[in-house]
Structures are given as C-alpha cells and as structure tokens.
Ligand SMILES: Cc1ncc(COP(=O)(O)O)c(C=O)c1O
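Only one chain is included here, represented as structure tokens and corresponding to the form predicted alone.
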C-alpha cells in the first residue's frame, strides 16, 4: 500500500535550470539572483522591502536587533511555537517571556500578552501557526498603547492573509521561512519584510557585517557592527524555481484542507483546527486536536501514514522551564495536537484513507 507522507520538499527542473545559470556565472554568494528573489517575494506579499537571510531564526533575530532589542529587554512570545522564536530573542540578549495561547487557534492570547507586559517589554512576536492569523488587531492595539514593537513570526504563513493583507506585513517587521517544510523552500533561508526605508537599510547593514550595500570584502565602509547572514545566489536560484509552482501549490493546500474538512465532518472525538480559506488564510498544514494523540500517531504510522506531533510547549524545555499552571491552555492542548499528511503528493483519495484510518482508531 502507498505510503502517505506528512510533508516532503519537491525540487524540479526549473530549480536545476536556474541553479545551472548561477554556477555558470561563477558568483555563488549573495548577489543579483538574491535581489531578484527578494523583489519577487516583496511583490507577492505586497510590501516595499524584503531582505533575504540565512533562516527565519536569523530573520527574527535581525528584526529584534533592528528594533533596538538587547540586554535587559523582554520579548513576549507564545508558548506554542517552534523554539526558534524564543531562541531568537535570547540570541539578541533579551529575555524571552512566554505567554499562553487561545484554545481555538493555538495562537498567542492577546489577554495573556497584555498581562505579561512590564516596563522592560520591548517587543512582541506573535506566531501564525499553520497559516492561521493571530489576533493582530488586538495585539497591535495593545502593543501600540505600550510602545512595544510588533514583529510577526510568519514562518508558516507565506501568502496567508487577514482582511486582504498578507501576514508578515502588519507589524513593523515580519519574518518568513523557506526551510524544507514550507510552501516554497530554498533548503534553509528566511526573509525580513518591512515597509520602513530606514529599517530596510539597517537590516541590510546588520545582515552583512555593517555594510548598507553589497561590498567587495576589501576597502568597504562598515559604519555599524553587523553579522554574516547573507542569502546566496544558490539559495535564491532554488527559490526562484520554486515560485514557478506557487499557484499550483496554493490550490493544493486549500484543496487538502477542504478534503479533510469534508472527511472529518461529524467526528466529535477530533477537532479540526480552523482555516478561514474564504477570508484569505492559507493552511500550510492541516492540524487537529485529539485525545490519545501519540497512540493515534503510532496507529497511523503502522499503517503507512506519516503525521507529525506538535511541539512540546516551550515552557517544558530545560532552557525555558516554567510551571505548567502558568500556561494552562498550551499545557492541555499541545500534547493532543497533530499535523496530518499535507504534502504536495497527497491526493484526495489519500485524505479519505487517512480519515478512514482515524475513524477506525477512534472506534476502538
């Protein structure tokens, strides 16, 4: 029987052709292809500037540094996210302050955010889990009232929208990921989005050893201290080729969500997490909340169906250990949350098989 994968990247001939151009040109560092990719991404999400960097983790780090975050500051992040969100704040020298989530979406609770604010709070980083929009109007209003910088972690939300506007473009800066498990991939890689021209210049300095424009490595001006987070022409070539498949992939992830919605209808023992496709949200992955999550994952795996368990709450990790009772929703729901197969290779027949297998398990 066919194995159904949870997710896997797909690389085609278009990527190989553009990569061959880069190799033939013999300039494999951050260059013209990087610029082309940045401009394509900026146009797709509708913002003025996009700055390519090595990963979404480095994108969040650089956004925090550009916002002036440093030692003694606090950065509020949700307890339900990949640990990179908190690690980026730690990299910047700040304290990552974890807050609880909302049960409906598993995104940051605005009330928990507001309750965690102290005089040291410098930034907030809401995360759009699986492409579901965090409650940005409320979070933005709270942030503005307290003079807190809003930086979006849109790693899982490329091309997902809220009220017609792309996620990642609501805050002063937003961050994208192009890791292998995303809508498009460059192997590793990320992007900082902004509409602020001054921040754009500062981000370019911070990512490239303090230089506002690409240098020679020789007699270049370095007006500020920067880092090395360059996004290479090789990565950009893969990304440019991936963009050729974008419309097809967007249609696929929407169809997969609707197929799961149809096949899981009436199944009270499992809750499909929401995706407001008709309002512009784009579900990168399909996720559910279910009792006996780990048993279900094993049951599926034994029958040739991959899935992926949710992250452990960040507050349970040794570097950020805190009591469970401070995060009741994350503590209760993350151990019950599961991503179902959502790969580009998954067909509607595969979805039906997954859902039939789930029903078999729940009937036991």
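Residue numbers count along the first chain shown, from 1. Computed from a predicted structure; not experimentally measured.
What follows is about the form predicted in complex with the named molecule, which we do not show.
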Three-residue site 82, 153 and 179 fully in contact with the named molecule in the predicted complex at 4.5 Å by heavy atom
yes
Sole residue of 171, 110, 283, 189 within 4.5 Å of the named molecule in the predicted complex, by heavy atom:
189
Which one, 337, 307, 34, 55, lies within 4.5 Å of the named molecule in the predicted complex by heavy atoms?
55
Name the stretch, out of 242 to 250, 257 to 265, 100 to 108, 154 to 162, where some heavy atom lies within 4.5 Å of the named molecule in the predicted complex.
154 to 162
With heavy atoms only and a cut-off of 4.5 Å, decide whether residue 127 touches the named molecule in the predicted complex.
yes
In the predicted complex, does residue 49 have a heavy atom within 4.5 Å of the named molecule?
no
For residue 320, is any heavy atom within 4.5 Å of the named molecule in the predicted complex, or not?
no
Quick one: is residue 299 in contact with the named molecule in the predicted complex, heavy atoms, 4.5 Å cut-off?
no
Heavy atom within 4.5 Å of the named molecule in the predicted complex - qualifying residues of 316 to 350
none
